[in-house]
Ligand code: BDP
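Next up is one chain by itself, shown in structure tokens, the form predicted alone.
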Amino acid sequence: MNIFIKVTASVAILAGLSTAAVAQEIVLRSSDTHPDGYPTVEAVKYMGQLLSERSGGRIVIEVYHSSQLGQETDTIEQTRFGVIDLNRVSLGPFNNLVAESKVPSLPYIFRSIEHMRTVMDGDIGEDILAAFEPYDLVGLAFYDAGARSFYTSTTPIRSIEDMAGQKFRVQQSDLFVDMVNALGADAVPMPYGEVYSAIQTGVIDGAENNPPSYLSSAHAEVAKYYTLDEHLIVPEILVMARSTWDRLSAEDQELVRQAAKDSVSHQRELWDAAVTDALEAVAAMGSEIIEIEKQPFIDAMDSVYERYVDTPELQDLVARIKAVQ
């Protein structure tokens, strides 16, 4: 049983009578592939603090960061089977399982970080969370993973024409490959650990990621041009095993759901600070931060949307997101 209930009893004797006071502690195991101190890890720790305070210490969360319980694909399956109670996962690995998760993963679906937050905090976000329930998961909240942008070593990207012929590392994802190819560049799927040397030796011209990763990977040392095209603003999701959820009382379910929601603002504060610090750091290292006109990049995505937004339901979801102001 994945939800650990520790039971302690004390016996008081009063006026010759025995009474047992039994206190139960629910320990929820939570997985994250990110390292300790990362904004999502700290957000779930904060959620655990809230739960402990609001339950009088009865509900606690043990956070297993740094892939201690496995990589994301493995932990998703463990969570669906109830081996792991809570899991912070990128939406990408769910794209082949939960159809609705594909839409927030589309390039340029969000106009800005603020637009993404408004959408995911509202009815649309709640509908996407609910879409996880048929797959033995309860969606609790969305966290930020920032905006991914392109960076290059020799030719800076100041317009879509500058994408032509350049080779960019992408994750092993059909969507990522199609997106880069639609922009006129060449997508090169490659393990993350090989990117630095591949840029340094000219095997590829650049890659794409969010500012904190651009800094922490040291890619800013070999690719000095960082273009804020923000092609992907993909949220991350916090889910709970349905079997764990069903064993909680209605009152405890509400405590868990509210603590998860309340942890979102804490995560965003940490993430925003990390992005600001990263951009300042890479600029100090000599990187050029380039702002561009995004509309030509957005216009180039028609073929990608035709391929991946392939049902009336997904088309409606895209339209609803675009309509949010």
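Only the largest set of C-alpha atoms that superpose within 1.5 Å between the two forms is called the rigid core. In case it trips you up, residue 1 is the first one in the sequence shown, and so on. These numbers were taken from a predicted model, which means no experiment stands behind them.
Below, we turn to the form predicted together with beta-D-glucopyranuronic acid (BDP), even though it does not appear here.
| said: Give me the residue from S30, T33, S287, S263 that has a heavy atom within 4.5 Å of beta-D-glucopyranuronic acid (BDP) in the predicted complex. | reply: Going through each option in turn, the one that passes is T33.
| said: Just to be sure I understand the contacts: of Q171, S153, S243, Q78, which is the one whose heavy atoms reach within 4.5 angstroms of beta-D-glucopyranuronic acid (BDP) in the predicted complex? | reply: Among Q171, S153, S243, Q78, a heavy atom within 4.5 Å of beta-D-glucopyranuronic acid (BDP) in the predicted complex occurs only for Q171.
| request: Answer yes or no: in the predicted complex, does beta-D-glucopyranuronic acid (BDP) come within 4.5 Å of a heavy atom in every one of V89, Y192 and N210? | output: Every listed residue reaches beta-D-glucopyranuronic acid (BDP) in the predicted complex, so yes.
| Heavy atoms within 4.5 Å of beta-D-glucopyranuronic acid (BDP) in the predicted complex: which of the stretches 155-163, 198-206, 81-89, 115-123 has them? | In short, 81-89.
| task | Find out whether any non-hydrogen atom of D186 is located within 4.5 angstroms of beta-D-glucopyranuronic acid (BDP) in the predicted complex, and reply yes or no. | result | No, D186 is distant from the partner.
| said: in the predicted complex, does E72 come within 4.5 Å of beta-D-glucopyranuronic acid (BDP), counting heavy atoms only? | reply: Yes.
| request: Would you please decide whether K102 lies within 4.5 angstroms of beta-D-glucopyranuronic acid (BDP) in the predicted complex, comparing each non-hydrogen atom pair? | output: No.
| query | Heavy atoms within 4.5 Å of beta-D-glucopyranuronic acid (BDP) in the predicted complex: does R148 have any? | reply | Yes, R148 lies within 4.5 Å of beta-D-glucopyranuronic acid (BDP) in the predicted complex.
| field | Core-aligned CA displacement of E236 at least 2 Å between this form and the one not shown | value | For E236, whose C-alpha is compared between this form and the one not shown after core superposition, the shift is less than 2 Å.
| said: With both forms fitted on the core, check whether the Cα of D127 differs by 2 Å or more between this form and the one not shown. | reply: Where the cores coincide, D127 shows only a C-alpha shift between this form and the one not shown that is less than 2 Å.
| C-alpha of Q171: shift of 2 angstroms or more between this form and the one not shown, rigid core aligned? | Indeed, Q171 is displaced by 2 Å or more.
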